[in-house]
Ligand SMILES: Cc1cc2nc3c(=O)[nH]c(=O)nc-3n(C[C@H](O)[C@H](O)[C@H](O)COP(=O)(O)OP(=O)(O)OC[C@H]3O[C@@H](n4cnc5c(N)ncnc54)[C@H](O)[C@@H]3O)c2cc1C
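Below, in structure tokens: the form predicted on its own, a single chain.
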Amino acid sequence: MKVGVIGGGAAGLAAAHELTKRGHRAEVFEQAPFLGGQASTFPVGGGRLERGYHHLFVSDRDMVELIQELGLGDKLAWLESRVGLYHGGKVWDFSTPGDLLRFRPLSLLQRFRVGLWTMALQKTARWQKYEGVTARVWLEQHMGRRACQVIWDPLLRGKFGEHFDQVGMVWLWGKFALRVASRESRFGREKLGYPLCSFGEVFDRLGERVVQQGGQVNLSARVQRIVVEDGVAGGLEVTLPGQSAERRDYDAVIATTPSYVFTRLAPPLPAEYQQRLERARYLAAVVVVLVLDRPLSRFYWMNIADRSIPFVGIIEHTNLIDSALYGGRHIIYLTNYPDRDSELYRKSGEELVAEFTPHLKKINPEFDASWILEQYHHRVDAAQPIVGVNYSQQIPDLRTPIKNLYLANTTQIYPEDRGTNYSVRLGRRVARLVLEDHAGG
């Protein structure tokens, strides 16, 4: 069987790997000149750095198994993470239950209330009970208005902007479940995984494995349309570098693009399925990467619970990963999740650095712009689907209504949130559906 795969990110490569491993032919078409999608890398200080921060949780078994299978298991490190929360002009430790008990912006009773409900969430395996309520409503009902004002509202607004009060509680439940799964003990700090060769090396190796197994990987390749005849997907119209458009025929087509891209590539779909695709809403990621000559803080992950600061998080990569991998340089990500039509999204890297960096003095009063050795700016479209209430009823099926045409993207990852682990799992799952549908064909 021959399968065309649109997209060379985690899902597309995982699908191609699964197919070629089982003796079938898969051809991957990636528009960018590199593999990995949102986990792709660029060179910094002699090393490779992700365009957007990435790490693994202990529960990310699919990605861990893949790294082992690719012979990179010895490069996977599990490292203790330190989390901070900026509120009220101060950075608070926020890694453990003990840190919460010392968080004085809440009264002692409020701290206990937040802690008890946090433990309840961590122990709850049945996510379905949260399907019909937004995170904002649930948090105020259970943890109280003051906890929402101090902690949750700034974080939800920072992550989802004007959509903050539409996010389903299942999304937040997933965050709590991941955090506790990555702790060695209930009261300890979480451990996070990172391949010291970078995620880019993992996906490059995966692409090489696909080729070794008889597949093909095409970079800088544009898919113009999905060819459908008599209600059956039979190929792709593609343009490769330096060539004119051509049609390639396949027994099945897997698309791993965002839903709004898929609707442009595919012919008109039945109304009900089309509506599910069109209901999918995404936020982009705007990331400023600063390479410093010294550390900014002692935290890996710092949530910013202060909406006067124009970014929602500071991820100090070299407080998790040894700076020696980057020539002794120290790396921070400043992140935001705007709509694509927002002013923030349209700003240049220089404009964002000028807007963001003065606020770093609030985190570290000694910070000076002279610390900055290099600066980078990345936009990632469709970085964060907006997961609302009763979301399980809105997910489009991996099997589209067009025969032999399949869709696998981040809107179909649920109840977990998007991430490399779940994209790998999704890619494997859609490949197995293709094999199941074509068994004996």
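Throughout, we count residues from 1 along the sequence that is shown. Everything numeric in this text was worked out from a predicted model, so none of it was measured.
The following text describes the form predicted in complex with this ligand, which does not appear among the structures shown.
The three marked residues, G4, A431 and L435, fail to reach this ligand in the model of the complex, with no heavy atom of any inside 4.5 Å. Checking V217, V228, A221, M169 against this ligand in the model of the complex, a heavy atom within 4.5 Å turns up for just one residue: A221. Taking a 4.5 Å heavy atom cutoff to this ligand in the model of the complex, the contact residue among I386, L405, L56, L70 is L56. Looking at 394 to 402, 369 to 377, 41 to 49, 28 to 36, the stretch with residues near this ligand in the model of the complex, meaning non-hydrogen atoms within 4.5 angstroms, turns out to be 28 to 36. Shown alone here, S198 lies farther than 4.5 Å from this ligand in the model of the complex, counting heavy atoms only.
For F299, no non-hydrogen atom is located within 4.5 Å of this ligand in the model of the complex, even though that partner is not displayed. Among heavy atoms of V261, some come within 4.5 Å of this ligand in the model of the complex. This ligand is not drawn, but in the model of the complex it has a heavy atom within 4.5 Å of R418. For the partner-free chain shown, T256, T257, V261 of 234 to 262 come within 4.5 angstroms of this ligand in the model of the complex, judged by any non-hydrogen atom.
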